[in-house]
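A single chain comes next, written as structure tokens; it is the form predicted alone.
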């Protein structure tokens, strides 16, 4: 049950941050960033398992790796964007978080162009 460990670690660091924040707010931000990095490293192995499963399924379904890679990149951009924005919000920088989210949305739109083009091409072919 790794999630229990992650949540427990989150609670402990949160309590430390609440205690330290009054005296040394810069250390509180560093603790938050450290925890974010640790959590990311802990789930990295789980992410690789999911990615390998998607690749196997796409291969069995005869889906082009280009489209699968694009979808996986879009999912990655969404997760990383949310993660980065939350870290900025935790540090009290809501304006920067908003800009990170905007950049993530633009990147997703740009990455989705080949898939949108394929869908549009398929629709045009289906219409008599």
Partner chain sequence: MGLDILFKIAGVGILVSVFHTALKQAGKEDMAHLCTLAGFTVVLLWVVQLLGKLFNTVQDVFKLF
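Worth saying up front: this structure is predicted, and the values here are computed from it rather than measured. Residue numbers count along the first chain shown, from 1.
The following text describes the form predicted in complex with the partner chain, which does not appear among the structures shown.
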item	value
Joint contact, 64, 98 and 109 to the partner chain in the predicted complex, by non-hydrogen atom at 4.5 Å	no
Close approach of residue 92 to the partner chain in the predicted complex, 4.5 Å, heavy atom	no
is_contact(residue 24, the partner chain) in the predicted complex, heavy atom dist at most 4.5 Å	yes
Contact test in the predicted complex: residue 77 vs the partner chain, heavy atoms, 4.5 Å	yes
is_contact(residue 86, the partner chain) in the predicted complex, heavy atom dist at most 4.5 Å	no
Listed residue that, although the partner chain is not shown, lies within 4.5 Å of it in the predicted complex (heavy atoms), from 103, 50, 57, 33	33
